[in-house]
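Below you'll find only one chain, the form predicted alone, shown as structure tokens.
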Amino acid sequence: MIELENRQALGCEFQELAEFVLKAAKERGASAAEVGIDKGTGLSVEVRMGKVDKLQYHRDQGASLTVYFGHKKGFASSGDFSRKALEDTLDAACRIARYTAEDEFNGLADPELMAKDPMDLDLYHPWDIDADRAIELALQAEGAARAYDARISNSDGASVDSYAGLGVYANSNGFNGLNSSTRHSLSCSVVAQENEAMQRDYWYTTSCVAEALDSAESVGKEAALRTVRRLGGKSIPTCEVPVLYAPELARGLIGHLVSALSGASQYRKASFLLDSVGKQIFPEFLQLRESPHIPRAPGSRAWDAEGVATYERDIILNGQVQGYFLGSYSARKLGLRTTGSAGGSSNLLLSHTEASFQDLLKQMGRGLLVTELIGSGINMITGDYSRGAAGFWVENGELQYPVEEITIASNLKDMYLGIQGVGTDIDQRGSIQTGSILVDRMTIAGQ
């Protein structure tokens, strides 16, 4: 079983170590301090062409210490949890702080914002699995993929991963929080060949609860299906048509939004959505909500990386921006209040338009379904968007043939405003959860 032994005792030990560090920092004259202590254990298995390619047990641990002398900041880290090592690390952080320039925006988050009574989000579920069983599952996934179609000629392998982690964050504002979580996954990637043409694709399942994973056989079959259906791909003439993003790619569009609305992008004036609160950037029928407290969800957390209590809020309401993603530093730079977003966003849920994937295909009529994106041609300052892509050409709401060797281009502002529908086929495997997204028009550069 991949789990942390004596988890409760270990958590108490880490919280005591954190208090020791905070007290020692105060004794050294620090006006404020914060400490993070983490430990994890995991199992990773990879098989390829019916043979074990990798078997790895891993353990990792680390302590990160930050001290403040007024507005001067010092940081140091250690993989050794002995009190002597932590004191040495703290001394290093103090030396660094004394030589750094003052930054008036440095400091801990405000004490009144700390999480007071954090809820249990049910994120810790160790998997009762050993190496033999993990290998068996990986072989089942790869075997199902290779048996799916005679054109599956090779394999990039199948993998099973299980991880359990525990962490403590504490600061001199009186916060000392403990959390633990697990994550498990199973994936498969294969290669198909027809004549001289070859294609590769994959599929995966992931959850903090092993029982919630899709079966190994279904993952393998889905990987094979996605691979085989790409055979016979061709380019298309350059055109301007609607584009439908599959759910696993649609989350990337929301990811770009998060980057543009992040505090760092705002105060650095490096965003195509500068000063956008209150502005219409999506159609009125769309909402984007941050929900940090969904039990067992990938992006759930009771507090952020600064101990600030997380909370439900609208990011986009009726198509208008309601707020940014701010930690305490970026909030101070902007003259605003932290949104509990230090360390990133929590679960982001995009509303749908009650349309299934098939409904969106019919709504699109003629255009491109995108199932793969290549490269990262995105200018976050201007919003210009250009990426290599592959997918399927659509006529009369029906898939016609696979498409490859094309580039799709537009501007993210136009794409967001041009969203015509969001599907009910929501991909729940990540912290950004959305269905397929239909964009009214993009330029397809092909032949």
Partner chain sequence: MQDAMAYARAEFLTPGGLNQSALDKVFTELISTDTTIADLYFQAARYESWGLEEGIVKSGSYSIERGVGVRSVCGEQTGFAYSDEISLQALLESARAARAISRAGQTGKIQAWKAQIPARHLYGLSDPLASLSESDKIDLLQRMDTKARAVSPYVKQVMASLVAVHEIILVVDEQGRMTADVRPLVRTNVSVIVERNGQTESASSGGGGRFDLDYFMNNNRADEFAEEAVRQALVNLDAQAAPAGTMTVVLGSGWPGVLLHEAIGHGLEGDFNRKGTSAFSGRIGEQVASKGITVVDDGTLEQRRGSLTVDDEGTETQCTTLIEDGILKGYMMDRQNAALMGTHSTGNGRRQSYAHLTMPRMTNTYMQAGEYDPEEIIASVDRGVYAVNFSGGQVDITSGKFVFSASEAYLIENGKATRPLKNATLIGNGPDVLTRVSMVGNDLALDTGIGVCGKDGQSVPVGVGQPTLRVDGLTVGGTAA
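Note that the structure is a prediction, hence the values are computed from the model and not measured. Residue numbers count along the first chain shown, from 1.
Omitted from view is the form predicted together with its partner chain, to which the following refers.
Remark: of stretches 355-363, 113-121, 319-327, 153-161, the one touching its partner chain in the predicted bound form is 153-161 (heavy atom within 4.5 Å). Checked against its partner chain in the predicted bound form, the candidates N171, S181, N347, Q199 yield a single residue with a heavy atom inside 4.5 Å, and that residue is Q199. Distance criterion of 4.5 Å from any heavy atom to its partner chain in the predicted bound form singles out A101 from the list A147, A212, V277, A101. In the predicted bound form, none of the heavy atoms of E194 sits within 4.5 Å of a heavy atom of its partner chain.
Its partner chain is not drawn, but in the predicted bound form it has no heavy atom within 4.5 Å of L225.
Using a 4.5 angstroms limit between non-hydrogen atoms, P295 is distant from its partner chain in the predicted bound form. In the predicted bound form, its partner chain stays beyond 4.5 Å of every heavy atom belonging to R313.
Highlighted residues N6, E217 and P247: none comes within 4.5 Å of its partner chain in the predicted bound form, counting any heavy atom. Taking a 4.5 Å heavy atom cutoff to its partner chain in the predicted bound form, the one contacting residue in 333-357 is K333.
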